[in-house]
Ligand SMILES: Cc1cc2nc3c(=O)[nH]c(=O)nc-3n(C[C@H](O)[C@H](O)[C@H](O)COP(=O)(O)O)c2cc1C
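One chain is shown next in structure tokens, namely the form predicted on its own.
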Amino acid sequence: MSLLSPQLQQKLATPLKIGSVEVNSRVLQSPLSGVTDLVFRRLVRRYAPESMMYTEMVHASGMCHARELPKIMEVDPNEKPISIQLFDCRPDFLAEAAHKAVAEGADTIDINMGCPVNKITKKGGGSSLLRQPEIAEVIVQTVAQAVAVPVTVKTRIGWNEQEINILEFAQRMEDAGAQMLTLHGRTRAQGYNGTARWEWIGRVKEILSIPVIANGDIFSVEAALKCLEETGADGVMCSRGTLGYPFLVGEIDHFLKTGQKLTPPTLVERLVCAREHLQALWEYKGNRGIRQARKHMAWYSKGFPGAGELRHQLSRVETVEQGVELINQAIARVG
């Protein structure tokens, strides 16, 4: 287990200050489309009660025209700290959506300027804003003036290898009023391929005075420590590492606070968690929850004898009873 320098360890033991908001954890759960709903966040928060959680990405324009707030924006009044992430390219729509997000209970508003998906970038949102820094700047200014809570930005290092403009872009975001920047160390063109370029996170950290959170390839406690040591970042954000493994944020948080590594969950504990996740999605969303649960069950079903067959069966479940029975049988086999 790598150790952090004493100076960095001392910093990471203190609360994270995001403008007026103080968070007693330096480990954050990334917003993930189709994943970080109320059910998933509750599982992560069980092991990391003080960490900042994020809702799924919410389209500001769609939200402004809707009669009701989208379900992906729903937060539990007891879940704190919580941030609602918005995306769009129109400052006025984002400001209006931010007002509604604050009324819903958001402690901070996060603006997505990093999503690489075509259907988002074609509408001028996500990482396409890296190519439109003037618009991105106006967005942050407008939203920051519209709400009393801190506004933060999540982005990437650039559009592609030839357009890595994160140093200028990040400085613009701070100057516009962003209170924290989360940086995924890949370009938009990379998607989730290749290796995250943590060195760019370190360069951004050197020039900004607001907190910089490192994102990309945080799949373990060891990876988080290596990233923090290499970048000097103010914290880490876990993304794909929590898919089928909602324990990760808590494991990293525990190590940063205590210097001790938690014993990983047993296979049975992971399968029990999968069963609970399935049942909770059914209770929260009904049949739609069962369909959404299939991908989660596939993520849980890895790394043990018979996992492939279990994954195949769980990807086709039609009812919660079928899924629970399959998981119970797996628990009996491995327990």
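The model shown is predicted, which means the values in this text are computed figures rather than measured ones. A residue's number is simply how far along the shown sequence it sits, counting from 1.
This protein has a second form, the form predicted in complex with the ligand, left out of what is shown; the following refers to that one.
Q. Just to confirm, residue 33 within 4.5 Å of the ligand in the predicted bound form by heavy atoms?
A. Close contact exists here: in the predicted bound form, residue 33 approaches the ligand to within 4.5 Å, heavy atoms only.
Q. Are any of the heavy atoms in residue 216 no more than 4.5 Å from a heavy atom of the ligand in the predicted bound form?
A. Yes, residue 216 lies within 4.5 Å of the ligand in the predicted bound form.
Q: Considering only heavy atoms, tell me if residue 85 and the ligand come within 4.5 Å of each other in the predicted bound form.
A: Contact with the ligand, yes.
(Q) I'd like to know if residue 188 sits close to the ligand in the predicted bound form, meaning any non-hydrogen atom pair within 4.5 angstroms. (A) Taking the distances in the predicted bound form, the answer for residue 188 is no, it never comes within 4.5 Å of the ligand.
Q: Please pick, from 179, 128, 231, 112, the one residue with any non-hydrogen atom lying within 4.5 angstroms of the ligand in the predicted bound form.
A: Looking at 179, 128, 231, 112 one by one, just 112 meets the 4.5 Å heavy-atom criterion.
Q: Name the single residue among 63, 57, 273, 53 that comes within 4.5 Å of the ligand in the predicted bound form, judging by heavy atoms.
A: For this set of options, the contacting one is 57.
**Q.** Location of the ligand contact in the predicted bound form, chosen stretch of 260-268, 140-148, 217-225, 200-208 [non-hydrogen atom, 4.5 Å]
**A.** Of the options given, it is 217-225.
Q) Though the partner is not shown here, which residues of 177-200 have a heavy atom within 4.5 Å of the ligand in the predicted bound form? A) Residues within 4.5 Å: 184, 186, 192.
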